[in-house]
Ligand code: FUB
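Okay, here we've got a single chain as structure tokens, the form predicted alone, with questions on binding and movement later.
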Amino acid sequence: MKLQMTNRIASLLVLFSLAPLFGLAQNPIIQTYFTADPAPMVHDGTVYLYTTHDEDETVDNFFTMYNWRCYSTTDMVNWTDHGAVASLSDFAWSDKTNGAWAPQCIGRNGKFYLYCPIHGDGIGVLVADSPTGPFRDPLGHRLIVDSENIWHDIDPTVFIDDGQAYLYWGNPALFYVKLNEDMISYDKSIGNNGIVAAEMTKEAFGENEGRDGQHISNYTEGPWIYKRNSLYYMVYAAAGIPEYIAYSTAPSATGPWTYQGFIMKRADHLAFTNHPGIIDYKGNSYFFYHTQELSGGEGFKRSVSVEQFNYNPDGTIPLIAPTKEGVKESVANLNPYKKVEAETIAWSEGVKTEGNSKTGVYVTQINNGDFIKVKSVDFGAGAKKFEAGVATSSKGGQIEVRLNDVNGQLLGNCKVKNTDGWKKTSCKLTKVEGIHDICFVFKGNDGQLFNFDWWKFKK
């Protein structure tokens, strides 16, 4: 407990020191955990974001990563936490206890395939019936293991083009296989037993400027492949350490690639690594990456951020600057009259999330002064009552419902008393109309106050 409190105090000091910067912030988009290596997937009108997870406690001053997490949104400003949807323990064939590196998920034929690199142990694949799992290992062995060096088998990116699926990966070079329709095996009649090595020329991936002798070209790692308007894009971490983001284009999914330049250059609050992800969603284009700002500059504790951008008329990608503001406008409004998971968050300070098979994911480690902000809430003609699902074995506390920000108008004060399991609590509100941001500010005595599972407004 003493170690937990020390860690919490350290985390709060970082947040308080950065508070003036975060007043209008949307980046990083997840504050309850350190997340990295974003892999967004659009499915059935929802964006699912798969991330790696940098642990709060770093072991041996290196990346400490045991599981993969998933978040979702329908508005690009509020993100719902689905917890750790997969972990190293899902791969019984691996004896690695660390190294859950950058994954990507894709749907096909009603199934969802999560390609997971285990640092130093190849690339495995998990399958599920839902984007949020539960995932299982259909093979019982590695999918990718026999490139020139197993330590280079990292950062898979997957893409389906006219029925043919491709899986790319690699550091310091770039490899691909043609996946079979089952998505868990590949065509071994091409390349080296099915594995094809891309030509790492300066024309294809830029010229290595001598900053890193290991890499043949500007390409470093973290590839991300997609197609837009008949043009194929390969976006990747580039230029060695510290990493920039660059990209190449091609007339087909297998090249030939032509280097196009940088998308994001090094900035002070970026980590020494980076990892891209790009999607189009509801008529807008979004660029995902990660920074080290939330941790106060620790490169092994990274956080995912997002920028909205527009392609140039010729299809090229502009130079994108990392910002603290991030996505400025939602693409949909949140309905507060339907039950909303408490772990749906635009911005938070102090809290964490946990989960179990019975309750699902919920907000926990709530202390006095912590808060959750939710953006673009559409109250329509007005709300007069607030309800919440809570649980506590302590004296409890209060949920202050405030308009727009933590110091905004107090709409209501919802008391949370000692409960026997999960209970519903409620309070009357000063009537609120129209579209607003809402802050839930938690108040109470010292120590953890209560757990928070869901909320709902009533007319």
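Only a predicted model underlies this, so the values are computations on that prediction, with no experimental measurement involved. Numbers for residues come from their place in the sequence shown, where the first is 1.
What comes next is about the form predicted in complex with this ligand, which does not appear here.
- From the list 334-342, 272-280, 247-255, 363-371, the contact stretch for this ligand in the predicted complex under a 4.5 Å heavy atom rule is 272-280.
- M65 is the sole member of M65, I30, L429, L49 with a non-hydrogen atom lying within 4.5 angstroms of this ligand in the predicted complex.
- With the partner removed from view, the residue among M234, A102, L294, C105 that has a non-hydrogen atom within 4.5 Å of this ligand in the predicted complex turns out to be A102.
- Heavy atoms of G222 reach within 4.5 Å of this ligand in the predicted complex, making it an interface residue.
- Interface membership of V327, defined by any non-hydrogen atom within 4.5 Å of this ligand in the predicted complex, is ruled out.
- The shortest heavy atom separation between L167 and this ligand in the predicted complex exceeds 4.5 Å.
- Taking non-hydrogen atoms only, A173 never approaches this ligand to within 4.5 angstroms in the predicted complex.
- Residues in 333-355 all lack a heavy atom within 4.5 Å of this ligand in the predicted complex.
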